[in-house]
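Consider the single chain below, provided in structure tokens and representing the form predicted alone.
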Amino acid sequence: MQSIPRRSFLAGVPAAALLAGVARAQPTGAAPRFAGVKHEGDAHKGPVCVASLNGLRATARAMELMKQGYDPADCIVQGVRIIEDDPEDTSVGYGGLPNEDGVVELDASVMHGPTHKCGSVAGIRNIKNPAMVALLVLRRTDHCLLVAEGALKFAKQMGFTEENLLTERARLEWQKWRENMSKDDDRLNDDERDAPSGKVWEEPRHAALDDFRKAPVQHLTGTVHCSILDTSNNIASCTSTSGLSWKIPGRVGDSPIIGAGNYCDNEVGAGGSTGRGEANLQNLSARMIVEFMARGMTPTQACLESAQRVVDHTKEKRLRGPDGRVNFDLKFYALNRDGAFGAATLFPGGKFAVCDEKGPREVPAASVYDKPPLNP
């Protein structure tokens, strides 16, 4: 029997069949909601690396390694490693903001298009490069996901060294959050402490972060996503995070879950996300991005459709503002097998990182809403 190339097969399959078993984003027969949206990435062809905005350096490194002939998974993991190693980036790796107990827990996933294999770690402690560990789970095991103590044990077996990931900046931010949680506990809030009668001695490392300590307490999400299409039309994708700041210990977001925060198909493309992980887990957004591209959408249209799907499925009142719009943001990123790329956010003003033959640069992302949130 003659085999049919998958891309040719997909072209002749009805959209409903492609999405069988996956919740529809809109009623059967409805026109695509973002069919008229255009983006500069639509016309791009050939090798390209796409990342969240904090991954600009990662895209440059990934493309550099691609030109040297490295596997696409190695390219993006080594690119993401730059962000994981940076103590000033509180969203991932070393310097990531801790859980409610003041402990840094990291998640990461890698997916390899040529083999359609994946590797992930979740809740791993004391290892600052979870993406590298995830890649070894992909290559050295028959598993997809290792968690907590098991992930740490595996990392140590693979030669990784434990280290304290809680930087002074992250510790002070956690301390500020912990002290200002409630006026009913035994920790004094900022406005409950008496003013000193003279100068207060500060260790140099504290004084250098004085402005940071004075900033309002925030609940932060932070993640880096990176995907690449190489010269052989092979794809790989990676997402790494320290997760939601002050999370309940053991909380796992979307980043290490294949199909939620990261997914790729070598015959279609790659999708990834940053932002509110719970929303992505509930909607399997990364997988949906790839499915929408298989259906014929551009990367930008696929990201917008997945973002709108999250909006449509957000039912809890606490997650809606007074204007009825969701009160959180998400960012989606995509590239397809031809080299087209795009991204989308819920609210306007977002950007993402791209590196191709023109070099690394920031590119505007499309958005579902046309106005910023009421309380940014």
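As the structure is a computational prediction, the values presented were derived from the model and not from experiment. Sequential numbering from 1, following the sequence displayed.
Beyond what is shown, the protein has a form predicted in complex with aspartic acid (ASP); the following relates to that form.
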Practice problem: Indicate whether aspartic acid (ASP) has at least one heavy atom within 4.5 Å of a heavy atom of Ser255 in the model of the complex. | Solution: yes
Exercise. Could you confirm whether Ala148 comes within 4.5 Å of aspartic acid (ASP) in the model of the complex, counting heavy atoms only?
Key: no
Self-check item: Contact test in the model of the complex: Gly222 vs aspartic acid (ASP), heavy atoms, 4.5 Å
Solution: yes
Exercise. Answer for Leu172 alone: is it within 4.5 Å of aspartic acid (ASP) in the model of the complex, judged on heavy atom distances?
Key: no
Quiz item: Which one of these stretches, 110-118, 126-134, 242-250, 154-162, sits within 4.5 Å of aspartic acid (ASP) in the model of the complex when only heavy atoms are counted?
Solution: 242-250
Exercise. Answer with one of Pro299, Gly277, Gly79, Gly93: the residue that has a non-hydrogen atom within 4.5 Å of aspartic acid (ASP) in the model of the complex.
Key: Gly277
